[in-house]
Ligand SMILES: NC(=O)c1ccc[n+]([C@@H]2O[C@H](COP(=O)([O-])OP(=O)(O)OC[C@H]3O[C@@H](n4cnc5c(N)ncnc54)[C@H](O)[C@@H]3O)[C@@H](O)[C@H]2O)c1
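Have a look below at one chain only, the form predicted alone, in structure tokens format.
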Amino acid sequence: MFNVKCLNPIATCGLDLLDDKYQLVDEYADAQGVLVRSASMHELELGENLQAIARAGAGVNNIPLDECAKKGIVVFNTPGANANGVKELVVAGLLLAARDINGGINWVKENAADENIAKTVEKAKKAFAGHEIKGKKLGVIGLGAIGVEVANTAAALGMKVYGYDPYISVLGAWHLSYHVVPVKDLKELASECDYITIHVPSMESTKGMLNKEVFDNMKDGSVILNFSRDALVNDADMEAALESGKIAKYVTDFPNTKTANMKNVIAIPHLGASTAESEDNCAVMAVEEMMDYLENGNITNSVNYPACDMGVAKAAARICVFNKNVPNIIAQLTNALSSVGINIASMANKSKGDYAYTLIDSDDKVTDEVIEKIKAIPEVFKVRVIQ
């Protein structure tokens, strides 16, 4: 029986996938699996029971990834599950920035008591005039699941779209419209485009990547859209760019105490993935990833461990080994198993950065002696057996 703790409400369609091998628990300390959306886990203890954390969403800055990796706790996310919901809000953001829709709506509310409002509006509306996005140039930074959706939709709406992603995946490239022009340099993208939208994860290497240096390369009166993460934009540099008119509008889905009080900011209260469909998709994917790992040891869409899949665990035992990504580990593992008479039926080994993961199917049951043999290898920090 696997214990699962939900740190946030998770859509029922996802939880309904949990069969009689699972039970939802109230105590976090009892859980082998955790389902989470936005709750911060940085302050929580990563106990010995915890095996997997599945984030029902893409961003994982609320989870201590490196600490989890060192303890052999696999962290999953759900890339692409909320892509359509975010894409649609980005398109709304483009339109809100292009035309003063907010100003017009507020004017109607302020003048609701005017008995002649139908006539008055014809004189007032010129104050809220804007421009069309068709024919304008959009730069998309990051061509993952969401960035590709945004780029393709913008191209379909008649925008000239430029894409920047040095790490684009083969899958992303396959799905990208041939109308999207690839750009190799961020400065080139900035100087070419009327709008820039960013869709990359928040990491040390990406924090503040939209800053004064980028803004100075942009056209006067450009627009920035941020539906990815707050930390990607340098707020102080953005404020200065808005004051000078270098940036005409900043549309963000992540208001904070600074941006919420800055002029020419359109701040949306983190609604990117807040659709019933996105929440359902994320819940189903997160639960399926967690179940496959807990029952079979397979890893799909992990952010701290490599993808590794050997199908349904049907052998007498499946050994899951977490270790440092260093040479000679495979030889040490096979030697440890052969020394106690364990035959390896099949094996898969994958690495990701500093960490590696090995799945071994054995024709024999695995005893505590076998586990201790593997744990004795200095670079191994966790062994899990499914049998």
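As the structure is a prediction and not an experimental result, all values here were calculated from the model. The first residue of the sequence shown is number 1, and the count goes up from there.
As for the form predicted in complex with the named molecule, it is not shown, yet the points below apply to it.
Colleague: According to a 4.5 angstroms non-hydrogen atom cut-off, is residue 167 in contact with the named molecule in the predicted bound form?
Modeller: Residue 167 belongs to the contact set for the named molecule.
Colleague: Does the 4.5 Å heavy atom contact test between residue 238 and the named molecule in the predicted bound form come out positive?
Modeller: Taking the distances in the predicted bound form, the answer for residue 238 is no, it never comes within 4.5 Å of the named molecule.
Colleague: I'd like to check something about residue 254: if you look in the predicted bound form, is any of its heavy atoms closer than or equal to 4.5 Å to a heavy atom of the named molecule?
Modeller: Heavy-atom contact with the named molecule at 4.5 Å: present for residue 254.
Colleague: Wondering, does residue 316 line up within 4.5 Å of the named molecule in the predicted bound form on heavy atoms?
Modeller: Output for residue 316 is no: heavy atoms all beyond 4.5 Å of the named molecule.
Colleague: Could you spot which one of 138, 74, 143, 283 gets a heavy atom to within 4.5 Å of the named molecule in the predicted bound form?
Modeller: The option sitting close enough to the partner is 143.
Colleague: Which of 203, 124, 262, 157 has a heavy atom within 4.5 Å of the named molecule in the predicted bound form?
Modeller: Checked against the cut-off, the match is 203.
Colleague: Tell me which stretch of 220-228, 283-291, 296-304, 107-115 has a heavy atom within 4.5 angstroms of the named molecule in the predicted bound form.
Modeller: Heavy-atom contact with the partner occurs in 220-228.
Colleague: Is it true that 86, 209 and 273 each have at least one non-hydrogen atom within 4.5 Å of the named molecule in the predicted bound form?
Modeller: Yes, the whole candidate spot contacts the named molecule.
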